[in-house]
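First, one chain by itself: the form predicted alone, in structure tokens.
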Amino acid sequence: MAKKTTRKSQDDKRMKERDKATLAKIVALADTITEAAFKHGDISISIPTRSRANTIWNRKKRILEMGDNKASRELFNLNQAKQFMQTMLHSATIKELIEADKTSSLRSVFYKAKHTVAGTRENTFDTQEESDPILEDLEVTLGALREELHIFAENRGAMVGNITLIDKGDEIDCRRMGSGGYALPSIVEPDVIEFKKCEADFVLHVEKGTVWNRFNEDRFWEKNNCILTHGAGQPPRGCRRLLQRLNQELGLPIICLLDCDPWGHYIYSVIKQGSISLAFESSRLAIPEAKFLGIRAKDYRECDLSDAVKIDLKDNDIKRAKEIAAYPWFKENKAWQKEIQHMLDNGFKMEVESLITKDISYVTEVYVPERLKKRDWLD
């Protein structure tokens, strides 16, 4: 009991130190703006540019990183004044959250800052799509992660398998999570999620909850001694961060089962190398060792699938596939160049669910076990 109390005290201390540092950064930002105002100078904020042009492919680390380019957000610029105001509003909310030692969702932060500017018909924010990028701007400007800003996103994704976690003091046995699994939280840092006992040999990450349900119902994780996760399509930060922690801290291989289409290839790219919009977080999200198990372009013939599984590639699919093939990490990989070209030559894409045309449990009992045994995957 004393050990648990000591651990909790250490976690609390780290959190308080982290909060103190984040608060100091926000105050420093405000001080810079105030000083410029008193000197009658240009009032602006310098924000790192989150764009493809400012994204660097680090070949040695095999991850995407943000470059050094920055943009100035000015108060007395009609094209930038609204975003400047939005940035200040969110900064004030973050300061309030830290001082109150409370957290808030992305949606709630949006609503807290949303109101009509006095004397006008102009809203500070119209949609959450305006709000979320401003918060990401603050992350890179302050050099602070979202959880350090006391903001969380909606839970998305699930996990089941041979691992026991401690979630804010509660012990979670992922072997006993029923049909729904353990819902992946938005914040999964060590001071929130602690790995207690893990017997799994690897993690199988599938694209969608529908596919995950089949694997869970068939108890694939039990028969193959693994952890089974999904991210409800494009995996959110919480899911990607947890996968990275499982890989780096526990040494578990991350094996991905995704659709054979440009979207599935992109999801794999994001899991493996990071994304352009979140390049500033690649060091804590990307998993360079992640593998792509399938579904593959060759599976139409190798698995003797019927024509019913074919989904014709549209012009946008073809365009996206060529863009992905041009990514440096795919462009230099012969196996991936062959895979993408094979899909284009087929002229159609396929979903993991297409394997059900063979048998309801073909994907769990035949396809994945055989691929794992042969180590037949793309890297």
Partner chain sequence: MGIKNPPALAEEKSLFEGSARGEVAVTKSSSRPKRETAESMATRQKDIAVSEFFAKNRHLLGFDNPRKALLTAVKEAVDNSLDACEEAGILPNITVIIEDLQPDRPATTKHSRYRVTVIDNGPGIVRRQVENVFGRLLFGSKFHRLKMSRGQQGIGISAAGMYGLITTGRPMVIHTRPNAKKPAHLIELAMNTKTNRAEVTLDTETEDFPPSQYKVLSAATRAPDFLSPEDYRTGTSVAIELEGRYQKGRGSVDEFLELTAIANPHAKITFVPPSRVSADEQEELPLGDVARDATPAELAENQAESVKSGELLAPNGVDPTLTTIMKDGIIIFPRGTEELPPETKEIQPHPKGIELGILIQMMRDFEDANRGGGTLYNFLQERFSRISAQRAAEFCREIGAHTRTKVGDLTPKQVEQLFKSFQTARLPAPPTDCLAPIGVRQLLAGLLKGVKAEFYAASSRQPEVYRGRPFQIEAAIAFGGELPPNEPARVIRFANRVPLLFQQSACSSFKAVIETGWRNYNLQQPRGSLPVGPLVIMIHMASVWVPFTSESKEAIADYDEIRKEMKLALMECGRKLGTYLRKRQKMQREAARRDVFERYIGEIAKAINAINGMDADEIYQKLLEEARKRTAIADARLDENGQVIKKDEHEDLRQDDAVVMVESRAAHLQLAEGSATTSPDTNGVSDGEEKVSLKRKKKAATTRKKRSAGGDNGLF
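Every value quoted in this text rests on a predicted model; they were computed, and no experiment measured them. Residue numbers count along the first chain shown, from 1. We call the rigid core whatever largest set of C-alpha positions still superposes within 1.5 Å between the two forms.
What comes next is about the form predicted in complex with its partner chain, which does not appear here.
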Report the stretch among 235 to 243, 274 to 282, 251 to 259, 124 to 132 that approaches its partner chain in the predicted bound form to within 4.5 Å, counting heavy atoms only. 124 to 132
Residue among Ile43, Ile63, Ile340, Met66 with a heavy atom within 4.5 Å of its partner chain in the predicted bound form: Ile43
Note: exactly one of Ala325, Ile33, Ile47, Leu344 sits with a heavy atom within 4.5 Å of its partner chain in the predicted bound form, namely Ile33
Is Phe76 close enough to touch its partner chain in the predicted bound form, meaning at least one heavy atom pair within 4.5 Å? yes
So in the predicted bound form, does Leu313 come within 4.5 Å of its partner chain, heavy atom to heavy atom? no
Would Leu89 show up as a contact with its partner chain in the predicted bound form if we use heavy atoms at 4.5 Å? yes
Could you confirm whether Ile26 comes within 4.5 Å of its partner chain in the predicted bound form, counting heavy atoms only? yes
Could you tell me whether the Cα atom of Glu332 shifts by at least 2 Å between this form and the one not shown after core superposition? no
After a core superposition, would you say Lys39 shifts its C-alpha by at least 2 Å between this form and the one not shown? yes
